[in-house]
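Taking the form predicted alone, here's one chain by itself in C-alpha coordinates.
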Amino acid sequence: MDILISGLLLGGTYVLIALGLNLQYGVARIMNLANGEMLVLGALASFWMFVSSAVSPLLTLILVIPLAFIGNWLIYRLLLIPLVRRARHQGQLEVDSILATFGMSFVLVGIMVALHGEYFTYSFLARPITILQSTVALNRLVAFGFAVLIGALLVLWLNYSRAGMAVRAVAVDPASARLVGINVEKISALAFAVGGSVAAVAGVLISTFITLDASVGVIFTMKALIIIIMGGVGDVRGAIVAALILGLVETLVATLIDPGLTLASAYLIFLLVLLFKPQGLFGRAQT
(Lines give C-alpha, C1' and ligand atoms only; values in the text may rest on other atoms or scores of the structure.)
Protein backbone atom coordinates (compact mmCIF):
# COMPACT_ATOMS: atom_id res chain seq x y z
CA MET A 1 0.00 0.00 0.00
CA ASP A 2 2.90 2.36 0.77
CA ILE A 3 4.30 1.82 -2.73
CA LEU A 4 0.91 2.37 -4.36
CA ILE A 5 0.20 5.64 -2.56
CA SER A 6 3.74 7.02 -2.98
CA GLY A 7 3.72 6.05 -6.67
CA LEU A 8 0.39 7.74 -7.32
CA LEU A 9 1.55 10.90 -5.54
CA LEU A 10 4.71 11.03 -7.64
CA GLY A 11 2.85 10.18 -10.83
CA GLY A 12 0.32 12.92 -10.19
CA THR A 13 3.12 15.48 -10.20
CA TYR A 14 4.59 13.94 -13.36
CA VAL A 15 1.27 14.63 -15.07
CA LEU A 16 2.03 18.36 -15.10
CA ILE A 17 5.46 17.79 -16.64
CA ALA A 18 3.94 15.78 -19.47
CA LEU A 19 0.93 18.02 -20.07
CA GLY A 20 3.19 21.03 -20.59
CA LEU A 21 5.31 19.33 -23.25
CA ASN A 22 2.22 17.67 -24.77
CA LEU A 23 0.72 21.10 -25.40
CA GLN A 24 3.92 22.41 -26.97
CA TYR A 25 4.44 19.43 -29.25
CA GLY A 26 0.85 18.45 -29.89
CA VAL A 27 -0.30 21.97 -30.80
CA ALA A 28 2.71 24.10 -31.72
CA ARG A 29 4.54 21.09 -33.23
CA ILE A 30 7.64 22.08 -31.24
CA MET A 31 9.56 19.29 -29.54
CA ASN A 32 10.90 21.47 -26.74
CA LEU A 33 14.03 19.86 -25.32
CA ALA A 34 14.37 22.79 -22.92
CA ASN A 35 11.13 21.84 -21.17
CA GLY A 36 13.03 20.40 -18.20
CA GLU A 37 15.03 23.60 -17.81
CA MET A 38 11.76 25.54 -17.52
CA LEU A 39 10.82 23.18 -14.71
CA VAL A 40 14.15 23.80 -12.94
CA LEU A 41 13.74 27.58 -13.35
CA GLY A 42 10.38 27.34 -11.59
CA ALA A 43 11.97 25.28 -8.82
CA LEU A 44 14.86 27.72 -8.45
CA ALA A 45 12.47 30.67 -8.18
CA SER A 46 10.56 28.85 -5.44
CA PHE A 47 13.81 28.08 -3.60
CA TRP A 48 14.96 31.71 -3.73
CA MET A 49 11.62 33.09 -2.55
CA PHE A 50 11.43 30.61 0.32
CA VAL A 51 15.02 31.00 1.52
CA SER A 52 15.28 34.77 1.15
CA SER A 53 11.79 35.86 2.20
CA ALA A 54 10.13 32.74 3.67
CA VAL A 55 7.44 32.92 0.97
CA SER A 56 5.43 29.73 0.65
CA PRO A 57 6.02 27.86 -2.64
CA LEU A 58 2.25 27.84 -3.10
CA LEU A 59 2.25 31.65 -3.07
CA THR A 60 5.27 31.67 -5.38
CA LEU A 61 3.01 30.12 -8.03
CA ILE A 62 1.25 33.49 -8.31
CA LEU A 63 4.52 35.01 -9.52
CA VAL A 64 5.91 32.04 -11.46
CA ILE A 65 2.86 31.38 -13.66
CA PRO A 66 2.66 34.80 -15.39
CA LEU A 67 6.45 35.14 -15.67
CA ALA A 68 6.79 31.68 -17.21
CA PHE A 69 3.91 32.43 -19.58
CA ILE A 70 5.48 35.68 -20.80
CA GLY A 71 8.94 34.12 -21.08
CA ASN A 72 7.76 31.15 -23.13
CA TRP A 73 5.56 33.35 -25.32
CA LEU A 74 8.60 35.52 -26.11
CA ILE A 75 10.71 32.44 -26.85
CA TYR A 76 8.11 31.23 -29.33
CA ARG A 77 7.64 34.61 -30.99
CA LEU A 78 11.33 35.53 -31.22
CA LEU A 79 13.11 32.20 -31.63
CA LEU A 80 10.66 29.64 -32.97
CA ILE A 81 8.31 31.57 -35.27
CA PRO A 82 11.12 32.06 -37.85
CA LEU A 83 11.64 28.28 -37.85
CA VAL A 84 7.91 27.67 -38.30
CA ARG A 85 7.67 30.08 -41.23
CA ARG A 86 10.64 28.71 -43.13
CA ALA A 87 9.81 25.02 -42.61
CA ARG A 88 8.55 23.42 -45.81
CA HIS A 89 7.07 20.42 -44.03
CA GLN A 90 6.46 19.05 -40.55
CA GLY A 91 9.61 16.94 -40.52
CA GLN A 92 11.83 19.95 -41.13
CA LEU A 93 10.12 21.91 -38.34
CA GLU A 94 10.62 19.05 -35.89
CA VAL A 95 14.34 18.75 -36.69
CA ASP A 96 14.88 22.53 -36.54
CA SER A 97 12.96 22.90 -33.28
CA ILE A 98 14.85 20.01 -31.66
CA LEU A 99 18.18 21.62 -32.56
CA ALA A 100 17.06 25.10 -31.48
CA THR A 101 15.60 24.04 -28.13
CA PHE A 102 18.53 21.69 -27.48
CA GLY A 103 20.84 24.66 -27.78
CA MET A 104 18.49 26.77 -25.67
CA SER A 105 18.63 24.16 -22.90
CA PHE A 106 22.41 24.62 -22.67
CA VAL A 107 22.00 28.39 -22.49
CA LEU A 108 19.46 28.10 -19.68
CA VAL A 109 21.65 25.61 -17.78
CA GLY A 110 24.60 28.00 -18.10
CA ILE A 111 22.53 30.89 -16.76
CA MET A 112 21.29 28.84 -13.80
CA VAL A 113 24.80 27.59 -13.00
CA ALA A 114 26.03 31.19 -13.01
CA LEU A 115 23.19 32.24 -10.72
CA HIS A 116 23.21 29.22 -8.41
CA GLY A 117 25.69 26.51 -9.30
CA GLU A 118 24.90 24.22 -6.41
CA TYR A 119 22.26 21.73 -5.37
CA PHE A 120 19.27 23.43 -3.83
CA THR A 121 16.65 22.16 -1.45
CA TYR A 122 14.51 23.48 1.39
CA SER A 123 12.18 22.12 4.04
CA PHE A 124 8.50 22.80 3.38
CA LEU A 125 5.75 20.80 5.12
CA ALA A 126 8.26 17.98 5.57
CA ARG A 127 6.31 16.11 8.17
CA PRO A 128 4.67 12.67 8.02
CA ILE A 129 0.96 12.11 7.60
CA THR A 130 -0.96 8.84 7.63
CA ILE A 131 -3.26 7.85 4.75
CA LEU A 132 -4.90 4.43 4.67
CA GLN A 133 -2.40 3.16 7.24
CA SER A 134 0.48 4.38 5.07
CA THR A 135 2.83 7.20 6.00
CA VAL A 136 3.65 9.84 3.39
CA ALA A 137 5.23 13.28 3.54
CA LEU A 138 2.75 16.13 3.70
CA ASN A 139 4.65 18.12 1.06
CA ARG A 140 4.16 15.30 -1.45
CA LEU A 141 0.46 15.19 -0.67
CA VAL A 142 0.09 18.96 -1.07
CA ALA A 143 2.06 18.90 -4.34
CA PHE A 144 -0.20 16.12 -5.62
CA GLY A 145 -3.32 18.07 -4.68
CA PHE A 146 -2.17 21.19 -6.50
CA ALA A 147 -1.08 19.13 -9.50
CA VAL A 148 -4.55 17.58 -9.71
CA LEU A 149 -6.18 21.02 -9.37
CA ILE A 150 -4.05 22.66 -12.05
CA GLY A 151 -4.36 19.65 -14.35
CA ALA A 152 -8.16 19.72 -13.96
CA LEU A 153 -8.27 23.46 -14.72
CA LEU A 154 -6.17 22.86 -17.83
CA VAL A 155 -8.48 20.09 -19.04
CA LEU A 156 -11.54 22.29 -18.41
CA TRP A 157 -9.90 25.16 -20.29
CA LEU A 158 -9.12 22.93 -23.26
CA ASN A 159 -12.62 21.48 -23.43
CA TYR A 160 -14.93 24.34 -22.50
CA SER A 161 -13.26 27.65 -23.34
CA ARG A 162 -13.19 29.27 -26.75
CA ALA A 163 -9.40 29.53 -26.72
CA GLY A 164 -9.11 25.93 -25.56
CA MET A 165 -11.27 24.67 -28.40
CA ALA A 166 -9.11 26.64 -30.84
CA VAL A 167 -6.04 24.96 -29.35
CA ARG A 168 -7.63 21.55 -29.87
CA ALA A 169 -8.56 22.44 -33.44
CA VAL A 170 -4.98 23.42 -34.27
CA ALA A 171 -3.72 20.22 -32.65
CA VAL A 172 -5.98 18.12 -34.89
CA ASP A 173 -5.38 19.90 -38.21
CA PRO A 174 -3.68 23.33 -38.54
CA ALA A 175 -4.67 23.67 -42.20
CA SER A 176 -8.37 23.11 -41.49
CA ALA A 177 -8.17 25.43 -38.48
CA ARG A 178 -7.04 28.24 -40.78
CA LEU A 179 -10.08 27.67 -42.99
CA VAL A 180 -12.44 28.47 -40.11
CA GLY A 181 -10.65 31.70 -39.22
CA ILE A 182 -8.28 30.51 -36.47
CA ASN A 183 -4.96 32.33 -36.29
CA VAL A 184 -2.70 29.28 -36.07
CA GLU A 185 0.45 31.21 -35.16
CA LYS A 186 -1.30 33.02 -32.34
CA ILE A 187 -2.87 29.84 -30.95
CA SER A 188 0.43 27.96 -31.24
CA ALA A 189 2.18 30.73 -29.29
CA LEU A 190 -0.56 30.52 -26.66
CA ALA A 191 -0.22 26.74 -26.36
CA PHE A 192 3.57 26.97 -26.13
CA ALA A 193 3.34 29.63 -23.40
CA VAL A 194 0.74 27.69 -21.41
CA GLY A 195 2.84 24.53 -21.73
CA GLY A 196 5.91 26.33 -20.40
CA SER A 197 3.89 27.73 -17.50
CA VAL A 198 2.66 24.26 -16.58
CA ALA A 199 6.26 22.98 -16.59
CA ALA A 200 7.33 25.83 -14.29
CA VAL A 201 4.44 25.04 -11.94
CA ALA A 202 5.58 21.41 -11.85
CA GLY A 203 9.05 22.66 -10.89
CA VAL A 204 7.70 24.67 -7.97
CA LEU A 205 5.74 21.67 -6.67
CA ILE A 206 8.54 19.15 -7.16
CA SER A 207 11.07 21.42 -5.42
CA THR A 208 9.15 20.99 -2.16
CA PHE A 209 10.27 17.37 -1.83
CA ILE A 210 13.19 16.73 -4.21
CA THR A 211 16.75 18.09 -4.18
CA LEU A 212 17.55 19.66 -7.57
CA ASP A 213 20.40 21.32 -9.43
CA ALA A 214 20.73 23.32 -12.63
CA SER A 215 21.63 20.33 -14.84
CA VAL A 216 18.81 17.97 -13.80
CA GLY A 217 16.31 19.35 -16.33
CA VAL A 218 17.30 16.85 -19.02
CA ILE A 219 16.05 14.01 -16.81
CA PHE A 220 12.61 15.58 -16.50
CA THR A 221 12.52 16.26 -20.24
CA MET A 222 13.25 12.60 -20.85
CA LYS A 223 10.49 11.55 -18.46
CA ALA A 224 8.04 13.89 -20.16
CA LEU A 225 8.93 12.36 -23.54
CA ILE A 226 8.40 8.85 -22.16
CA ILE A 227 4.98 9.83 -20.81
CA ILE A 228 3.94 11.52 -24.07
CA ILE A 229 5.03 8.58 -26.21
CA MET A 230 3.40 6.09 -23.88
CA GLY A 231 0.16 8.06 -23.66
CA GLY A 232 0.10 9.22 -27.27
CA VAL A 233 0.99 12.65 -28.63
CA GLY A 234 -1.82 15.12 -27.94
CA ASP A 235 -3.79 12.62 -25.83
CA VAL A 236 -4.42 14.19 -22.40
CA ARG A 237 -6.10 11.03 -21.06
CA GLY A 238 -3.14 8.92 -22.16
CA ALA A 239 -0.63 11.35 -20.62
CA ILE A 240 -2.38 11.15 -17.25
CA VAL A 241 -2.44 7.35 -17.22
CA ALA A 242 1.15 7.10 -18.46
CA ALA A 243 2.39 9.55 -15.81
CA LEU A 244 0.75 7.52 -13.06
CA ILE A 245 2.28 4.32 -14.43
CA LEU A 246 5.75 5.89 -14.52
CA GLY A 247 5.37 7.15 -10.95
CA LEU A 248 4.31 3.69 -9.75
CA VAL A 249 7.14 1.91 -11.58
CA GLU A 250 9.79 4.29 -10.28
CA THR A 251 8.52 3.98 -6.71
CA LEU A 252 8.37 0.18 -7.00
CA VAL A 253 11.95 -0.02 -8.30
CA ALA A 254 13.28 2.46 -5.72
CA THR A 255 11.60 0.62 -2.84
CA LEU A 256 12.14 -3.02 -3.76
CA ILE A 257 15.36 -2.96 -5.82
CA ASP A 258 17.60 0.13 -5.79
CA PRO A 259 16.85 3.89 -5.93
CA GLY A 260 19.72 4.24 -8.41
CA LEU A 261 17.81 2.16 -10.95
CA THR A 262 14.75 4.41 -11.24
CA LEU A 263 16.15 6.15 -14.32
CA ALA A 264 17.00 2.78 -15.87
CA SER A 265 13.42 1.65 -15.30
CA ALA A 266 12.16 4.75 -17.10
CA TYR A 267 14.41 3.94 -20.08
CA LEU A 268 13.14 0.37 -20.08
CA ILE A 269 9.53 1.59 -20.23
CA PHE A 270 10.52 3.88 -23.09
CA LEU A 271 12.01 1.01 -25.10
CA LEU A 272 9.09 -1.32 -24.44
CA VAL A 273 6.57 1.30 -25.57
CA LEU A 274 8.53 2.01 -28.75
CA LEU A 275 8.69 -1.71 -29.53
CA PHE A 276 5.17 -2.83 -28.68
CA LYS A 277 2.88 0.23 -28.44
CA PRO A 278 4.40 3.12 -30.44
CA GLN A 279 0.94 4.62 -31.11
CA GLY A 280 0.30 5.13 -27.38
CA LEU A 281 -1.83 3.41 -24.76
CA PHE A 282 -5.19 4.32 -26.30
CA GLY A 283 -4.12 4.57 -29.92
CA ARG A 284 -4.78 2.07 -32.62
CA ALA A 285 -2.09 0.45 -34.67
CA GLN A 286 -1.76 1.75 -38.20
CA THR A 287 -3.04 -0.65 -40.84
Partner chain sequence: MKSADIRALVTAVVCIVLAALVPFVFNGYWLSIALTAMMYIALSTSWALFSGPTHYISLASGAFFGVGGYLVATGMSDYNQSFWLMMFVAAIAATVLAGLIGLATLRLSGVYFVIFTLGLAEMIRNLVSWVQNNFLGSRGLYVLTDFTEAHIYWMLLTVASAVFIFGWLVERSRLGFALKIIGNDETVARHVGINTAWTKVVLFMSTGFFAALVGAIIAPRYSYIEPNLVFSPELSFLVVIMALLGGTHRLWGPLLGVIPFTLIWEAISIWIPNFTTLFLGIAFLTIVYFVPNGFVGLLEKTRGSRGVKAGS
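Positions refer to the first chain, counted from 1. Since the structure is predicted, the reported quantities are computational estimates derived from the model, not experimental observations.
The same protein also exists as the form predicted in complex with its partner chain; that form is not shown, yet it is the one meant from here on.
Asks: Is every one of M49, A171 and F209 within 4.5 Å of its partner chain in the model of the complex, counting heavy atoms?
Replies: Spot residues vs its partner chain: no contact at all.
Asks: Hey, in the model of the complex, is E185 touching its partner chain, heavy atoms inside 4.5 Å?
Replies: Close contact is absent here: in the model of the complex, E185 is far from its partner chain, nothing within 4.5 Å, heavy atoms only.
Asks: Can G117 be called a contact residue for its partner chain in the model of the complex at 4.5 Å between heavy atoms?
Replies: No, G117 is distant from the partner.
Asks: Does any part of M104 reach within 4.5 Å of its partner chain in the model of the complex? Heavy atoms only, please.
Replies: Answer yes; at least one heavy atom of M104 falls within 4.5 Å of its partner chain in the model of the complex.
Asks: Report whether the minimum heavy atom distance between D96 and its partner chain in the model of the complex is within 4.5 Å.
Replies: Because a heavy atom of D96 falls inside 4.5 Å of its partner chain in the model of the complex, the answer is yes.
Asks: From the list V40, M31, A242, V64, which entry has a heavy atom within 4.5 Å of its partner chain in the model of the complex?
Replies: Selected option: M31.
Asks: Which pick from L248, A254, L58, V218 sits with a heavy atom within 4.5 Å of its partner chain in the model of the complex?
Replies: Comparing distances to its partner chain in the model of the complex, the residue within 4.5 Å is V218.
Asks: Choose one stretch from 81-89, 197-205, 139-147, 175-183: the one whose residues place a heavy atom within 4.5 angstroms of its partner chain in the model of the complex.
Replies: Stretch with heavy atoms near the partner: 81-89.
Asks: Can you name the residues of 251-278 that have a non-hydrogen atom within 4.5 angstroms of its partner chain in the model of the complex?
Replies: In sequence order, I257, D258, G260, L261, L263, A264, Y267, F270, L271, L274, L275, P278 come within 4.5 Å of the partner.
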